[in-house]
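One chain follows as structure tokens, the form predicted on its own.
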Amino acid sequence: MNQPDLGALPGTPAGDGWWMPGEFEAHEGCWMLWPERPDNWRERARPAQAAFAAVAAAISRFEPVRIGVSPAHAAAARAQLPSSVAVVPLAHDDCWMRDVGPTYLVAERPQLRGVHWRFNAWGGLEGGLYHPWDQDERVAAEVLSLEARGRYRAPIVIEGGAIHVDGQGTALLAEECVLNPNRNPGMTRERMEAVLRDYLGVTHFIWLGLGVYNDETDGHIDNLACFVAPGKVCLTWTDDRADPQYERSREAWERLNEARDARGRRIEVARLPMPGPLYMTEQEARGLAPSEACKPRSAGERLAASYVNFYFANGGVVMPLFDAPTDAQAAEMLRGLCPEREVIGVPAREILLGGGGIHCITQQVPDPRAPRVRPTARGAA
């Protein structure tokens, strides 16, 4: 049973007039966490730290970046990060800020609040990726406390990477992840939708089926599909019918083409090519420290690479680079979809080796001063 959280706000965000905005809306800044654990990041996390620093530097060209670092690693992080990136003492178990950080909320007033989701390392002791996860469970509360923002404590286990919204009432989700019993045993779709209405301020749901093949998060939506604007979705795609991802993406494409959003619009779908397929090498696997506290990784494992896993910044798109031919194709598509933004690629294989992408390691902070209209129910004016 979930215990009362005495520091959390009473009520629900939707009941109080708050909602989650689209990621393509204006930002106040960005949060990240520093990779440190040697059992998930090879060579004592040094290659991953260089990759995270490059992502932070790219984003900081467009908006302020703060990165949470364990006190023991603060000096090393400061030495590797550009001076424009703020280093903040913040204990954590691993560095997936999208999943452990707060989901920010906006309102018609110029303020922010956040949702603190329950976290069990993507499946708890039955399918989770590491243990313990108690420090990660506290990250959202610590961040909101540092910022002096109001905090709602949600009654469900879910991660930020499992959620995309259009800021106008529509949520995009994957059944494989959100309805997985290793998060909320016995949870029905109807009950999940009711909770998400309360905590995201959404009114309509577009459910896709399976996520990206071999995604160890059980199919996070942020690896499969995302809103690039209201009514417009990017979908990871392969034309190779022999690839196990083909049927997953094809079914998602069919569902999106049949869907309507909260305002009754058809969804425009842009199909971003998949890189690779890519696999972990023997050298990469040998660089991981043996551990009983973290999911083991082996040479030959297929990596769940996706260009959909990018970050919107103010005036920019920071995308992962994996494989030169498809890097160029994906960048060209993103420039066409976001002509008002500069598209910057950052080598992201080291992030992928740890289980995620650029979207996974970042969490945007919306600009509370940006003009917004409160989402309405489908069909409402």
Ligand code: KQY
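The shown structure was predicted, so the numbers you read here are calculated from the model rather than taken from an experiment. Note that residue numbering begins at 1 and tracks the sequence as displayed.
Another form, the form predicted in complex with the ligand, is not on view; read the next lines as being about it.
Decide open or blocked for this chain: the ligand is absent here, so superimpose its site C-alphas on those in the model of the complex and check whether 3 or more ligand atoms come within 2.4 Å of a backbone or C-beta atom.
Site status: open.
Any chance all of 69, 101 and 136 sit within 4.5 Å of the ligand in the model of the complex, going by non-hydrogen atoms?
Looking in the model of the complex, the three residues 69, 101 and 136 all stay beyond 4.5 Å of the ligand (heavy atoms).
Since only the chain is shown here, I'm wondering whether residue 354 would be in contact with the ligand in the model of the complex (any heavy atom pair within 4.5 Å).
Residue 354: contacts the ligand in the model of the complex.
Looking in the model of the complex, any heavy atom of residue 147 within 4.5 Å of the ligand?
Contact with the ligand, no.
Close approach of residue 161 to the ligand in the model of the complex, 4.5 Å, heavy atom
Within the cut-off, so yes.
Using a 4.5 Å heavy atom cut-off, state whether residue 217 contacts the ligand in the model of the complex.
Output for residue 217 is yes: heavy atoms within 4.5 Å of the ligand.
Which of 269, 289, 285, 129 has a heavy atom within 4.5 Å of the ligand in the model of the complex?
The option sitting close enough to the partner is 129.
Just give me the single entry in 250, 197, 78, 297 that has a non-hydrogen atom within 4.5 angstroms of the ligand in the model of the complex.
It is 297 that has a heavy atom within 4.5 Å of the partner.
Quick one: which of 220 to 228, 258 to 266, 206 to 214, 239 to 247 gets within 4.5 Å of the ligand in the model of the complex, going by heavy atoms?
Among the listed stretches, the partner-contacting one is 220 to 228.
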